[in-house]
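We begin with a single chain expressed as structure tokens, specifically the form predicted on its own.
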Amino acid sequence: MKYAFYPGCVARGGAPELYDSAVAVMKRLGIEWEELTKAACTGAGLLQEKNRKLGDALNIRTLAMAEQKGLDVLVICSTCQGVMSQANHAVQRDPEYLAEINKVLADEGLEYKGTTQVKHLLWVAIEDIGVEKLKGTFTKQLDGVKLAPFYGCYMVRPSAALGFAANPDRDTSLEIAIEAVGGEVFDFPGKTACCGFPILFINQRNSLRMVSNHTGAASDGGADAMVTPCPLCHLNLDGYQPKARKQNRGDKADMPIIHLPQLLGLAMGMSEKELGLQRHIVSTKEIVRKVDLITAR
């Protein structure tokens, strides 16, 4: 099982613990990969608002690189997942638009035929590896650990571009992963809402209110941590949680935000240091302690 690995910008910058934990988990799962080191940023949806063709061309360029290798693209960022998938969906539905994009790519000797799929590590683990095989890599069951799933925007919409019709389990993929590690799902309405990151620098007040609402709801519901497949959501929910909670609720930041591969890594018996859990703004020590206590029983 081999993929063209596209880690994205944040995992190579603001959240390096995501890259490290993802690589550790992929090795444990027996996934092979070639990293697309020459691929560009997806544009995060912001570039596309200004210049859709340029944004799509950058993403189709990445898909063409993977297609040359005969590989599908594996991502660890749900924003990358969504933006790439939308570009792929657009050119697959419109051969004339694809021809326009290919004219741009021709300068690099690239041509995209439309055969590449984009898959988040979450989907690879559940669909390609399978839940039972995934469970076989676990050395711990996180019984009694209450986890709030947080998909963010790009992992669930638009569903047509994300292949939900052919893969209906994607709608509850985070819940499936949480249950696979033995955790208890804390379901709440905000799990598919925006984290507030896209408006952070133009309307910080509302962005922080969203952070406070989501993390506060999880805290009030007794969750031990929130799990997200999106590093941009992680940056906002973790990094701005102290300010957001103080400003909007008058309480302390107490909701650890865990990257998806960190969750899988904990169930695989990996250490706090291997997974980079000590790098977070909101302390993860309590959930690590709880997992260790479960193991010691």
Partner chain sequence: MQANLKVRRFNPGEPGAQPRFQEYSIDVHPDSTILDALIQVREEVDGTLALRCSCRASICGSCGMRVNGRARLVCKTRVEHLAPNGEQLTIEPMGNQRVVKDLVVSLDTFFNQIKRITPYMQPDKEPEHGEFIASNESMTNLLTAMNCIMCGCCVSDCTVLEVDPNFIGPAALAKAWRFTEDPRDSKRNERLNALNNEAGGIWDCTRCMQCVEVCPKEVAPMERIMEMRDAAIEAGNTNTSGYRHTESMYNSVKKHGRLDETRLAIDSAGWTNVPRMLDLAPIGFKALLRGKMPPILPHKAEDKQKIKDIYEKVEGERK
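Numbering follows the first chain given and starts at 1. This is a predicted model, so every value here is computed, not measured.
The discussion below concerns the form predicted in complex with its partner chain, not included here.
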Quick check on this chain: which one of 86, 116, 173, 219 has a heavy atom within 4.5 Å of its partner chain in the predicted complex?
86
Contacting member of 185, 104, 98, 134, with respect to its partner chain in the predicted complex [4.5 Å, heavy atom]
104
Among 267 to 275, 66 to 74, 35 to 43, 22 to 30, which stretch has residues whose heavy atoms lie within 4.5 Å of its partner chain in the predicted complex?
35 to 43
How about residue 166: is it within 4.5 Å of its partner chain in the predicted complex, going by heavy atoms?
no
Might residue 258 be said to contact its partner chain in the predicted complex, defining contact as any heavy atom within 4.5 Å?
no
Would you classify residue 157 as touching its partner chain in the predicted complex, given a 4.5 Å non-hydrogen atom cut-off?
yes
Touches its partner chain in the predicted complex: residue 192 (any heavy atom, 4.5 Å)
yes
At a 4.5 angstroms cut-off on non-hydrogen atoms, which residues of 41 to 74 are near its partner chain in the predicted complex? List them in order.
41, 43, 44, 45, 46, 47, 49, 50, 51, 52, 53, 54, 57, 58, 61
